[in-house]
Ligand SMILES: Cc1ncc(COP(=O)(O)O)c(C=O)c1O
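Presented below, as structure tokens, is a lone chain in the form predicted on its own.
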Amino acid sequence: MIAELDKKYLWHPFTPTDLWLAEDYRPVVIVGGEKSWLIDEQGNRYLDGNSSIWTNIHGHCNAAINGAIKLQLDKIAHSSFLGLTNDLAPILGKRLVELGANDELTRCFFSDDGATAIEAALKITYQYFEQNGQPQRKKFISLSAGYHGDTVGAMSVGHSKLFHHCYKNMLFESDEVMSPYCYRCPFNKAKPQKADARTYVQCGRECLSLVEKKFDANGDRTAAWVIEPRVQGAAGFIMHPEGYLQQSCAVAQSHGAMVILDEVMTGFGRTGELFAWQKEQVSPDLVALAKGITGGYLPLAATLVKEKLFDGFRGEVSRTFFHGHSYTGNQLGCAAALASLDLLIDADGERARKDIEAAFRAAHERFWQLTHVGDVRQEGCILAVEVVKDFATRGAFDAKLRIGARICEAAQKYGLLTRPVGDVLLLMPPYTTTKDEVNLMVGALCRAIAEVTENL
């Protein structure tokens, strides 16, 4: 009944319409959750292999976050943040700034989701230069095939042909440089090996030279370098070589540009540190946070900025940042976020993340036993498996075959729910996931890969 109502009345994001409406397609209807598991209307249980699109970091139905929301609900659910404040948002802002462990990131601007956090960062940067003596700095540079969200500004710095080609005439002009995608880098002279391509790449770090050339070409017209630190999520879980983040950001700042880091997916412990940029010597000017900020419970986002940017909006009323959201600083979201942060820094939470990292490292060998696995790459609690038509040439499957999607559909039979990015398969589970559950996820994905690819 629910599935029929859905097909009749709803429109799903990132979902091919005809495939969803096909008579023989029965969507999974989720009615419950428990730690790392999702439960459908028939009572079937599935491991949540991608944390419900990278958001649910502490598992489903977490008692601490549930309790914090219930307690807040008896006080107030929401009040305006325009010209008012509340008793939770300032505390959350302080906690986020302190977790950043950067003396220069001192201000927090709240919004609703990852795209709006990026949108705020872009507009803050643009307006700062406009009213502080450098109005020529209007150009944003970012990585090719990137994805930073679906608002117009976020799309403009995304360069994702798959997601945003239809809207190209709506977007403002920005510049792009080649992603440091070691497995498919045109400068990589190494033959494929059964290991993460970053560990055997043979090149002259041309990816960094291209960044330098791009900034040189734009001179003093560049406003900011926009980058997902260390891992590009929706671009295909491209994991950058060590040092790329630090060196590319140094190039940007040496040219007088800001550095905007998109930690929407990589933040809150995903990469082995609380924030991915903390793994390298980087001093970002703005950082966008979302997804895991509330533990996957409620829409909330934050843009952290340096004090110098905040100071650039002081003075005349015309210098005000005229940008905001109806639910800015929402009390329920802040309550969930504060409870989530407590869990994140707890010793048990840190130990659980290390256990997942170790279990993923041990799982690599199982994937390499499969004929059509071309690259297996890991960053902390993120594991990506790229399937290919031909291992020796890195040749990809025809996109029309939807190999990645078919593998994830097959994995449902073995108790795993996850989504691919093209033919890159992802495991990014909640931190409640045990070693045994990681092994179940890996086993389900291996079986699904073999089932789909070996029968082609």
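Since the model is a prediction, treat every value here as computed from it, not as a measurement. Note that residue numbering begins at 1 and tracks the sequence as displayed.
The protein also exists as the form predicted together with this ligand; that form is not presented, and the subsequent description refers to it.
Asks: Going by a heavy atom distance of 4.5 Å, is A224 a contact of this ligand in the model of the complex?
Replies: So A224 does not count as contacting this ligand.
Asks: Is E228 close enough to touch this ligand in the model of the complex, meaning at least one heavy atom pair within 4.5 Å?
Replies: Because a heavy atom of E228 falls inside 4.5 Å of this ligand in the model of the complex, the answer is yes.
Asks: Is there a heavy atom of K291 lying 4.5 Å or less from a heavy atom of this ligand in the model of the complex?
Replies: Yes, contact at 4.5 Å.
Asks: Determine whether any heavy atom of W37 comes within 4.5 Å of a heavy atom of this ligand in the model of the complex, and answer yes or no.
Replies: The answer is no: W37 has no heavy atom within 4.5 Å of this ligand.
Asks: Which of these residues, F397, F391, Y414, W54, gets a heavy atom within 4.5 Å of this ligand in the model of the complex?
Replies: Only one option qualifies, and that one is W54.
Asks: In the model of the complex, which of the listed residues (A302, I124, V376, M265) lies with a heavy atom within 4.5 Å of this ligand?
Replies: None of the others qualify; the residue that does is M265.
Asks: Hey, of 205-213, 112-120, 247-255, 164-172, which bit sits against this ligand in the model of the complex at 4.5 Å between non-hydrogen atoms?
Replies: So the stretch in question is 112-120.
Asks: For the stretch 336-363, which residues lie within 4.5 Å of this ligand in the model of the complex by non-hydrogen atom distance?
Replies: Contacting residues: none.
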